[in-house]
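In structure tokens, one chain follows: the form predicted alone.
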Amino acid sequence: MADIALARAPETARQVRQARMLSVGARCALPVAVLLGIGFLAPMVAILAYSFATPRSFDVFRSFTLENFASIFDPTNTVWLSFAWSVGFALFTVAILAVIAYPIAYGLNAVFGRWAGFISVLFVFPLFVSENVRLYGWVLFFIKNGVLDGTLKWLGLPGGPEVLYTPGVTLFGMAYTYLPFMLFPMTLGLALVPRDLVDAARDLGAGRLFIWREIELPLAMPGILIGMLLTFVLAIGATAEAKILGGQSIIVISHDIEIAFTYSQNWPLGSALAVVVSVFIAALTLTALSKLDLDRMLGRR
């Protein structure tokens, strides 16, 4: 018995060492995990630490105070108006793009089939041009005596409407900027709908509305949800549209954060604002996902 125990001892020790070692997949993913940790977690930790530092100081990790958050939640602080504008703009942008992008994505899948995802990448090409350049192009289009106004006057018509530096044109700029972020996931989501399933339902006498409600929409919902969440997260942090097209007639929360970090040199306050916005986005996203019946959306009854 003792000889058997001694013979099994090396094998047992080898099994223990193997159990303690990372799997092949984990070792391959380790560089990516380290990169994400440095590129994502480290800045978030720094922002969180700065949010508890003494106001208008750089005493990060050397002081702890809730004064920054107290000033944000002060009823006399107007930062909540900026926050409300940002949330409103983001929600309206998502709603507008959902209505605009769905027919485009449906048409791309109907016309190009499996190549629809590749064709939708063409809508991403404007992202290779600086956002500021594109927005200033719209300024030249809408400004008085600009492209629109000058063309109408040249045709003998009244000048163009005064739309620049208004909330409406800010919303237009956001919808224009974030269209690719809604369209691409939505196109991929609609590509998941099997055409054979749609044809079978049509052969069995199902109407067009019934097919859309019971087959196409549930199967495409994962892509639609990803597009909506991605667009909302990006839109709530938009700054350039309110600055360039809106002329800062509306102050959004991202502009308040920028001012705190730059002109005011109050990094703790800017960090506290960033933490509040991040927590709000995370809570809203998790709440929305928890309220959705993903089994029903994916067609699992």
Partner chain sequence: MAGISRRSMLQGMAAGAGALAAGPLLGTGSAFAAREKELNILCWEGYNSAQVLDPFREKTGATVKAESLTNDPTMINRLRAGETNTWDLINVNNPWARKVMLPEKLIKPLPKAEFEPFFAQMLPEFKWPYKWAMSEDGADLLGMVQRFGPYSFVVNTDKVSRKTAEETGWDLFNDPALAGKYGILESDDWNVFNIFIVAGIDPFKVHTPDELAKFEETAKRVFKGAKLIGDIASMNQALISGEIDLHLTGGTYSVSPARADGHPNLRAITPLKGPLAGGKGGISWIEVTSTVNNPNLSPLALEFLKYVQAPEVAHTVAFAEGTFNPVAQMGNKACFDLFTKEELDAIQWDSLEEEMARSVEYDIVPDYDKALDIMNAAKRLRG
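All of these numbers come straight from a predicted model, not from anything done at the bench. Positions refer to the first chain, counted from 1.
Keep in mind that the form predicted together with the partner chain is not shown, yet the notes after this line are about it.
The partner chain in the predicted complex is approached by D256, whose closest heavy atom lies within 4.5 angstroms of it. For the chain shown alone, E162 is a contact residue for the partner chain in the predicted complex, at least one non-hydrogen atom being within 4.5 angstroms.
For the chain shown alone, T54 is not a contact residue for the partner chain in the predicted complex, no non-hydrogen atom being within 4.5 angstroms.
Interface residue remark: T65 is not counted as part of the site for the partner chain in the predicted complex, having no heavy atom within 4.5 Å. Here is the short version: of V139, L188, V169, L225, the single residue with a heavy atom within 4.5 Å of the partner chain in the predicted complex is V139. Along 224 to 248, a non-hydrogen atom within 4.5 Å of the partner chain in the predicted complex is carried by K243, G247, Q248, in order along the sequence.
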